[in-house]
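One chain comes next, on its own, written as structure tokens: the form predicted on its own.
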């Protein structure tokens, strides 16, 4: 699909894209690693939020700072900044998620060489009024920290404009996922993954225009490309830095029609109230959106949500994509599997360790799983 070429450039050559953007616009670029980072506040400051993924050929430099049992996402992100691959960043935001990321924040602050560093310590429990008030205070503090760092004032008007843009983007991504669910084959899993990653890196105004072009194309072509005789799958996990995984699924005669990933549907779920106080409205979306296992709302919340989505999307099977040494998702897995078992949906657990992914072995396991469905 030619409409995706710009997304490929952003993802395949992020340094080239970001340096060109900085040269042309003089914008700051702020890196982040978690979908709980309040991007809207960064965008309202005039900076570009840039999601850091786990891409590195080796982790030689990072291994000098992190234990071998840290996840590959943390090690490869650190490797990128230590090898000067993220020199276009002006700073980085670390949100409160898992223990590894909290410790990585300290190591990053001391060794990255970047001028700015922010810790956004969101509450882990998102089920009380006091937790919400705390989350609001954290967002206000983050706004003040950005204002001090950039020596500017972030106005309510700027926040409202950013909120409106992000709502448009999230609505566009929701619609795209809906088309994907209704017409599997209209857009491949690898293409969808490319779009989602670009959404977290690209200039957001440009991304919104590009995603509308993609939607126009899909609305014309979707019904003609609808795949037949396939099994409908959902991917579950945190990050999935393996676009080849989608190809393996499709070669096995299945299609990923939905996901519960922080680089997937959790990124766009929930819109922000454009008529409320901007900071409180931003905090409310992060308070109410579907949680990841690093947050807590109710012991059955994630399991019940996953079972409900699986039924709504007519899912035949679920694939858990687990990063090796990711404790939050590992602890979550048995409960989620039990909820899927209760509604009769089989699941497959894949443990992946980037960058040494043996796609051939995964292909065999996926084929066997799809044949069983």
Partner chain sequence: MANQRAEDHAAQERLKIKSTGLMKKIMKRYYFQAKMAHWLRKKVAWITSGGPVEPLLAMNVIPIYPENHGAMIGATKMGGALCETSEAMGYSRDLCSYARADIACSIVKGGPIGGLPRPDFLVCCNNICGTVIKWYEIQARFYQVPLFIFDTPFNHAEMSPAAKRYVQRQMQEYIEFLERVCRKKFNEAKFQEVGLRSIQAQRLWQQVLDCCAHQPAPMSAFDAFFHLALIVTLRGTKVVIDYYSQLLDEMRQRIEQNISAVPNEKVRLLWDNIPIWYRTRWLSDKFSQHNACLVADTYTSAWSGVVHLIDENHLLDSMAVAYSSIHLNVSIDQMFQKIAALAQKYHVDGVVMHSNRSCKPYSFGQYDLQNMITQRLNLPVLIIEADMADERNFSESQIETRIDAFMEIFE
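Positions refer to the first chain, counted from 1. This one's a predicted model, so the numbers in the text were calculated from it and none came from an experiment.
There is also a form predicted together with the partner chain; it is not shown, and the following applies to it.
Checked against the partner chain in the model of the complex, the candidates 114, 121, 276, 152 yield a single residue with a heavy atom inside 4.5 Å, and that residue is 121. None of 171, 244, 102, 83 but one reaches within 4.5 angstroms of the partner chain in the model of the complex through a heavy atom, and that residue is 102. Looking at the partner chain in the model of the complex, residues 66, 109 and 125 each place a heavy atom within 4.5 Å of it. Of the heavy atoms in residue 341, none are within 4.5 Å of the partner chain in the model of the complex.
For residue 328, a non-hydrogen atom is located within 4.5 Å of the partner chain in the model of the complex, even though that partner is not displayed. The closest heavy atom approach of residue 91 to the partner chain in the model of the complex falls outside 4.5 Å. Taking the partner from elsewhere, residue 209 is found to have every heavy atom lying beyond 4.5 Å of the partner chain in the model of the complex.
With the partner chain omitted here, the record of contacts in the model of the complex names 298-306 of 298-306, 198-206, 154-162, 176-184, defined by a heavy atom within 4.5 Å.
Applying a 4.5 Å heavy atom cutoff to the partner chain in the model of the complex picks out 128, 130, 131, 134, 137 from 128-144, in order along the sequence.
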